[in-house]
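What follows is one chain in structure tokens, specifically the form predicted alone.
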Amino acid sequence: MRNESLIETLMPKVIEIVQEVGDFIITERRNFDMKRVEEKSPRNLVSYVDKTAEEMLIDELSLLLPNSTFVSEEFHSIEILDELSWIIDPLDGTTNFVHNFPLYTVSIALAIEQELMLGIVYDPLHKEMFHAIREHGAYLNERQIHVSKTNSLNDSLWATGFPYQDFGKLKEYVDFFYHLIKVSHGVRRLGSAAADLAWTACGRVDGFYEYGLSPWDVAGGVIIVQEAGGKITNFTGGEEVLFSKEIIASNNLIHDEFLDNFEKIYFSI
């Protein structure tokens, strides 16, 4: 079966699995026990909900593609992609979830021979299912979505996040944050990189940038942004983002202008 036919057959089944996991997350939030939160490292939280949701995803997705492997945070972290690789984050925005801040997502991507072919970002609280198939467009539930048409950095709204552990370039990062506030309509922090990318794809923000990220944080959202007409690069304008730990996503129209501003401050000596 050709990859395209395979993906089109898989998508509704993957969406159903993601919805089930989302329902589980919402149910557990109603009676959430803070005592069952662990701190893997300073400010990096994980709960039994993350772990159980990931087990659910791995079990169900393994049935769909028995020969597939997984890139994920809790149990199966690897640094390469096999022929068929699911890249999953069962609960992107765990800190939001723990504090009952109402935005967290389930993020899924499927890579075939190193290329992202399918992506889903699901916000279970608001029942928003962002999804995309390579060369088939991007959708929010049943409606096709597109990036914004903002063509000037001065008129743009951005999303960002801040690292939990890697503070080596934090000063430069904050310096640019200060600069961006002054030359744009503002910067928002949602607390979920997957949501940041999904919101870029549907035009709620014009772009998103962050460092200190892992493949499972961004994979699902990357293909959604691309299929919505956006552009994805790392901090130097290169195409590698999954394993670079950094990302810039935009509506494409303002990408170069943003990158010029960013490089002058972030990489300043």
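The first residue of the sequence shown is number 1, and the count goes up from there. Keep in mind that this is a model prediction, so the values were computed, not measured.
Same protein, other form: the form predicted together with ligand IPD, not shown, and the subject of what follows.
Tell me whether E128, G137 and E227, taken together, all sit within 4.5 Å of ligand IPD in the model of the complex, counting heavy atoms only. Spot residues vs ligand IPD: no contact at all.
Okay, which stretch from 180-188, 116-124, 139-147, 85-93 lines ligand IPD in the model of the complex, with non-hydrogen atoms inside 4.5 Å? Stretch with heavy atoms near the partner: 85-93.
Position in contact with ligand IPD when the complex is considered in the model of the complex, options I58, I232, C202, L213, heavy atoms within 4.5 Å: Partner contact (heavy atom, 4.5 Å) among the options: L213.
Residue-level contact is defined here as any heavy atom of the residue lying within 4.5 Å of ligand IPD in the model of the complex; does A111 satisfy this criterion? The answer is no: A111 has no heavy atom within 4.5 Å of ligand IPD.
Determine whether any heavy atom of D206 comes within 4.5 Å of a heavy atom of ligand IPD in the model of the complex, and answer yes or no. Taking the distances in the model of the complex, the answer for D206 is no, it never comes within 4.5 Å of ligand IPD.
4.5 angstroms heavy atom contact with ligand IPD in the model of the complex for S156: It does not: once ligand IPD is placed as it appears in the model of the complex, S156 has no heavy atom within 4.5 Å of it.
In the model of the complex, does D217 have a heavy atom within 4.5 Å of ligand IPD? Contact check for D217: yes, within 4.5 Å of ligand IPD in the model of the complex.
Are there residues in 237-256 with a heavy atom within 4.5 Å of ligand IPD in the model of the complex, and which are they, in order? Nothing in this stretch is in contact.
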